[in-house]
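Okay, so here's just one chain, in structure tokens, the form predicted on its own.
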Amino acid sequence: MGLFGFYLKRLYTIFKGEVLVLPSRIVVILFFLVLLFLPVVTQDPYLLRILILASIFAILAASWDLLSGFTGQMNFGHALFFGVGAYTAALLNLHVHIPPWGGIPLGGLAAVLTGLIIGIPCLRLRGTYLALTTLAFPIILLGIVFAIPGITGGELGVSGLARLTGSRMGDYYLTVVLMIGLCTIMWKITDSNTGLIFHAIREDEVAVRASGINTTRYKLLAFSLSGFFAGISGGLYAHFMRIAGPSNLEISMSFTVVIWAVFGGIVTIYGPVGAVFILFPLLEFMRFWPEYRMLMFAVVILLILLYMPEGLFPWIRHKIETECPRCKIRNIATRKTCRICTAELD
């Protein structure tokens, strides 16, 4: 009991000193709590379905930010990883009878292998050339899917897959908990020394290479990690929808991911996640006005790009928090001095 009390007190001290001091962290904690306790308030199947899909796509959007946002390796074919994870989990479940808890991680590993395959030839490319090259890979895989319909199902895809858990409530908690866990892992990666190197590669790869760091290895690592998380989201999607089809590899899927990331704010991880939970439900609720649905969606995106070029959530964070000019620690905007070094804040 004494040891448990010690760790509980330590956890409370960290929570009080690191989380409750910044509004952005409080909002994140509240967001997680709302997701976890929402079924206590309502168990509406349609609402839970929207949040399940939003959780799956949040993992996908954050994985794109991990690669393209932090390393600058602009990937316009991110649906490739999503589709590989979906098809791998689906085919393993249909033909080998591997359950979702085994097929989804294997789909993630297949996406890792795919990340290595496309990462190696793309290492020497930058900017527009890299973006166009990554855009070609989902199209190539789509051609393979159509070429072997006996295995992939062709245009109809692979259907009749096992359910994730067997109940809508179980699916909800599985996807939400995985989303929170995987996105937290991605955030911790970007907040580590590896994330610092990713960011340095994005800013000036030549300088990073000149300092003795193997940039090739870190770029391949970024492709692999991004592929793994995107593959997990693809496997979750396939088993939740009980189908994996060509729509998982379409170009529109890749560009939708980019829109989510830019809307929420790239180089943040939390930005794309928040954007998915705003834009995806917004599009779903606009189905009641199909003639204005895409128009209203486009207007929202344009307003954000015009007035918040860094993204919605970084703009909000800059309004409610300020960075100390001396120690670079963030403080609530109402403070006059830094909470760490007591330097005066502008």
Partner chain sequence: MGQPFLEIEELNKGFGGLRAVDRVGFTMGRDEILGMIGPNGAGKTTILRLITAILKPDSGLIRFRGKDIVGLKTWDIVNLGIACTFQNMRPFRRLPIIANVMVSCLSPRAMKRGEWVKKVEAKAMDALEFAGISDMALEKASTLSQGDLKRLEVARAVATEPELLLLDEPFGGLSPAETDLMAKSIQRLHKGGRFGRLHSEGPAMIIVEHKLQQLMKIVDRIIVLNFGTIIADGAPEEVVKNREVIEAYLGKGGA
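Quantities reported herein were computed from a predicted structural model and do not represent experimental measurements. Residue numbers count along the first chain shown, from 1.
Separately, the form predicted together with the partner chain exists; it is not shown, and the next lines address it.
- Only one listed stretch (215-223, 180-188, 246-254, 147-155) carries heavy atoms within 4.5 Å of the partner chain in the predicted complex, and that stretch is 215-223.
- When contacts are judged by a 4.5 Å heavy atom cut-off, Leu196 counts as touching the partner chain in the predicted complex.
- Using a 4.5 angstroms limit between non-hydrogen atoms, Ala200 touches the partner chain in the predicted complex.
- With a 4.5 Å cutoff on heavy atoms, Val96 does not count as touching the partner chain in the predicted complex; it lies far away.
- At a distance threshold of 4.5 angstroms between non-hydrogen atoms, Leu20 is out of contact with the partner chain in the predicted complex.
- The contact with the partner chain in the predicted complex, taken as any heavy atom within 4.5 Å, belongs to Arg209 out of Arg168, Arg126, Arg242, Arg209.
- Although the partner chain is not shown here, in the predicted complex the stretch 160-174 places no heavy atom of any residue within 4.5 Å of it.
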